[in-house]
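Heads up, the chain shows up twice below as structure tokens, two forms, tagged structure 1 and structure 2.
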Structure 1
């Protein structure tokens, strides 16, 4: 029989292996971004560049409109995260507090909708955006991202709402507060960690999304970073490795910075959503 110490050691070993699995590709990306062409073509590559250079970053900005693409990605990701949270918060409240067949059916639909492949959604979404004249536009892409992020946001926020004691809302009702005021003044402040965590996941999902942006955005000035990164790959599939690594490294930084700034709220929000009152 395994002792608690051995079990704990095994857990830490598995966690360390998982962290190494996640960290090694990113560290290799950073190393490649700072290597000159001679080291990139070496048959014996090294982890640490022998002659680090910023030429790959300059070449990446010279070849592709990375700044404009980054602004497009930022606008789409922030817009999708904000709108998805604003819509999902009251809907999640209703799903968590109102018990019935309709609520159960809505919850089941939220779960099932996450299994739909992208290709089944792109044609109807494209037709809707075409009728609204929002094809090849960042606002149209924001609408698509909201549709895609909303089920997941509902599922997450419903767990956070259930963690808020009902007694607090009942006390507010005794004091004369209505449903809307209770949600805004009592429940929403307690949901702040969960809202932040949900918004962050929606932001990262939209920031990294590639398929919808590739299909819906055709004008080069409106394309997002994931689409622009593919331009570093030639027609024959040969990648311009140095500038591609530099651009990919820059595209990764915003998500890492946001995670670093609000990691405590993410952790507390995830723990709150995992507890049922």
Structure 2
């Protein structure tokens, strides 16, 4: 029979293996970003560059407007996250608390809408945005991202709302709190981790999105990072691997930073909710 210590060691080993599995592509990206061209074409590649160089970063910045593209991506992703959460939170509350045919249908629609392929949507969307004079503008892109993220955000948040015991709201009502007061003072704090997680989802979705940005943004100064990254790829998939890896590494950093900052907030929020319930 296994001892608890052995079981725990096994758990840690499994967790470590999983973390290594997840980290491998990123570590390889970092390694590639610092390798000179000759090491990139080696039949026996090494994890640690033998002759590390910053030339790939210099070339990436020289060739493409990475900083501007990063700012555009940031504006689009933050805008999409904030607006998606603002819209999704009250809607999710209604979907979770008001059980009826309409909310069931809405939930079904939310799930189905996730299966629409981009290509099916892009031309009508393009025409609508053109009519609104929102083609080639970051606000137009934000709008698309919000619409794109909203179904999943709704689905995600309504799960969080359902996890908040309705008895707490009833208790607040008994204590004399009005509807708005109950939502703001009781429900919202308990929902905070869910809201943060949903915002994070919307942020990352928008940050990584390529196709809509490619089609909707024409002016070079407005293009986002995923679009600019493809400029390092040539015909038949040939790539300028060093600068591409360097730029891709930089492009992953904001997501990592946001995750690192918010992860603690999610955890603490969850614990706070647990204590209150």
Partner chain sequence: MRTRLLAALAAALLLLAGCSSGATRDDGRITLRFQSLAWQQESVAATKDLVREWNAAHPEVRVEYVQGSWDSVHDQLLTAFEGGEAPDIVHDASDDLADFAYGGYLADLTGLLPERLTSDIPRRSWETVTFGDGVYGVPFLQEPRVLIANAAWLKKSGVRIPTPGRPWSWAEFRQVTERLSGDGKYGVAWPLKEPVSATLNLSLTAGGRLFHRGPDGKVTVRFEAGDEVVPRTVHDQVGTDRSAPASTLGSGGSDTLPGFFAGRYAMVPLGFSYRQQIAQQAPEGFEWQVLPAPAGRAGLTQGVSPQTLSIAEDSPHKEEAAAFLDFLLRPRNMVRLALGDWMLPTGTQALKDPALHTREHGWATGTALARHLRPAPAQSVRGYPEWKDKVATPALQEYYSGAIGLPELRERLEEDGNLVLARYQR
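The term rigid core refers to the most C-alpha atoms you can superpose between the two forms while keeping them within 1.5 Å. Everything quoted here is computed from the prediction, not taken from an experiment. Positions refer to the first chain, counted from 1.
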Shown alone, the chain in the form predicted in complex with the partner chain appears as structure 2
Quick check on residue 54: with the core superposed, does its CA move 2 angstroms or more between structure 1 and structure 2?
no
Taking the rigid core as the frame, does residue 19 move its C-alpha by 2 Å or more between structure 1 and structure 2?
yes
Large Cα shift (2 Å or above) at residue 67 between structure 1 and structure 2, core-fitted
no
Taking the rigid core as the frame of reference, how far in Å is the Cα of residue 10 displaced between structure 1 and structure 2?
8.1
If the core is used for the superposition, what shift in Å does the C-alpha of residue 44 show between structure 1 and structure 2?
2.4
